[in-house]
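Take a look at this single chain in structure tokens; it is the form predicted on its own.
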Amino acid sequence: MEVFDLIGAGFAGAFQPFNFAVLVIGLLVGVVAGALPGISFVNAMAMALPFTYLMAPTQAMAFLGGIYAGGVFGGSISSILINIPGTPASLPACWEGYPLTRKGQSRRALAIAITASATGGLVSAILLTFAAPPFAQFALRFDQPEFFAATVLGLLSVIAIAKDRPVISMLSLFIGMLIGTIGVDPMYGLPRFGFGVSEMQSGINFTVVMIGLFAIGEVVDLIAAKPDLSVRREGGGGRGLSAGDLWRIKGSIGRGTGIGCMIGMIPGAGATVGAVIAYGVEKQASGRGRDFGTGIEQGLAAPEAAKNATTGAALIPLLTLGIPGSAATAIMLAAMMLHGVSPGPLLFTGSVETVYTIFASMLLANLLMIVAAALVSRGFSTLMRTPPAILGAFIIVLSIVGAYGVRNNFFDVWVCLAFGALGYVMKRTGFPSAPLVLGVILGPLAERYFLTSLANYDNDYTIFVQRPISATILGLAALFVLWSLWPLLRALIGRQGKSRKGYT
């Protein structure tokens, strides 16, 4: 009963006028920043950090928490409407949401994304409220081998995305991982694969790659194809989402929410890993795996629920152990330290009101996100009625500005344009680009965790299977690969059996 009294006190604090106002403002800022290509919600949180100087700790956390919750979803708006992921975690929304838009069902796709994201975020906020201490004890047992195993699981999920072309998709993944190695060696600090270009020593930023492949490449393909947009205008974006439709995808939302909550509690995994794994699992579990990539609602709902389910779960190790699980929670940690608040077990005894006000703010943020997302989505929907030439020019200008703004570097603009040309070629030839992006994002993480694991455990390569948690995760990854490849293996075994019969 004491827990509910504390939650009530937390809601009373969250509903104080200024606290509620900064929460709503943060939520709107996050949704808009996430939806704009090249302007991630993490950058928005970093830029908002100085504005928290004059706020109380609870107000600062409500403000940044609103940006966090809204920004993780916001990237799906541009993914669904114009096939440009505002955040890496919104890649699956491109794969399933944009095909729905091409069919004239943008309103329905957005409704699915908003509902699934709000559900996942709300469940994770409830999990944060009631189960923070025991889950934090489990996360405390994670070390570098476990982080490596979780990243490997995310990389291997590309096999599930590969449809019937696993070899080509794995090749694309390896190319992306190779691009991710450009820069400075994380262990020895030596430049590599720079080819004498000083700007390349800072590496190829995955945001720039993503903008080029999806934004520039998509615009060039859009203009070259000279499409008829009347289908997209038809019916004002198609019909919305009914209660019956929502009931049919409840399993997908539930699976995505569960996966996102588990992944979110693992420091270093984050929304991208959660969304990709949820998409791969849903492809196998939905029974419609062969149709994924053509606008399957289950394939949109599961990763949308998963990526927002990581938000509340990621705050569990932050608040109870002081371990930031992502760049966004690292900024929130900086805000807490700035105000003299030290996260950890003592926080739950010395600043109980602050803790439960944060819990209540996250619950409110995920409820209010439905309204905020609908308002921002309606503004972005006007792009659907824009002529292709004007729309293309707007996206290219915004993409170039966004690519420059990532690191205030003109070299990134040229990299963006180069990957734009590559994205157009890949789209025309049917070479998958999504595995390449995943390789660029997750490849460096896997390398860093692998090298630090060996450095911490005397170059013992067996440490990954000696530790129970990392061995379990790697075992799940192996089972996931076998599960994904089983249809191909069964078909191969069937063909060999028929050939033997024909020979005899």
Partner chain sequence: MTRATALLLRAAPPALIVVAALVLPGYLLPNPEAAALVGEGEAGPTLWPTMLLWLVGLCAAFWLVRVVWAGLRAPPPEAAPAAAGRPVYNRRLAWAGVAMTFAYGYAIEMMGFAVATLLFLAAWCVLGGIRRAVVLVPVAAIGTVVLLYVFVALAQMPLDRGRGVFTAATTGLYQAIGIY
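Just so you know, these numbers come straight off a predicted model, no measurement behind them. Take the two forms, find the largest set of C-alpha atoms that superpose within 1.5 Å, and that set is the rigid core. Positions refer to the first chain, counted from 1.
There is another form of the same protein, the form predicted together with the partner chain; it is not shown, and what comes next is about it.
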{"item": "The unique member of 246, 374, 417, 352 whose heavy atoms fall within 4.5 Å of the partner chain in the predicted bound form", "value": "417"}
{"item": "Single option in 339, 192, 103, 288 placed near the partner chain in the predicted bound form, where near means a heavy atom within 4.5 Å", "value": "192"}
{"item": "The partner chain in the predicted bound form reached by all of 50, 185 and 394, non-hydrogen atom within 4.5 Å", "value": "yes"}
{"item": "Stretch in contact, per heavy atom within 4.5 angstroms of the partner chain in the predicted bound form, of 449-457, 25-33, 474-482, 62-70", "value": "449-457"}
{"item": "4.5 Å heavy atom contact, residue 400 and the partner chain in the predicted bound form", "value": "yes"}
{"item": "Partner contact for residue 209 in the predicted bound form: the partner chain, 4.5 angstroms, heavy atom", "value": "no"}
{"item": "The partner chain contact in the predicted bound form: residue 130, any heavy atom under 4.5 Å", "value": "no"}
{"item": "Contact of residue 408 with the partner chain in the predicted bound form (heavy atom, 4.5 Å)", "value": "yes"}
{"item": "Residues in 168-187 close to the partner chain in the predicted bound form, defined by a heavy atom within 4.5 Å, in order", "value": "168, 170, 171, 174, 175, 177, 178, 181, 185"}
{"item": "Core-aligned C-alpha movement of residue 424 between this form and the one not shown, 2 Å or more", "value": "yes"}
{"item": "CA of residue 442, rigid core aligned, shift of 2 Å or more between this form and the one not shown", "value": "yes"}
{"item": "Shift of residue 148 between this form and the one not shown at or above 2 Å (CA, core fit)", "value": "yes"}
{"item": "In the predicted bound form, shift in Cα separation for residue 68 relative to residue 416, 3 Å or more", "value": "closer"}
{"item": "Comparison of CA distance in the predicted bound form with shown form for residue 68, residue 438, at least 3 Å", "value": "closer"}
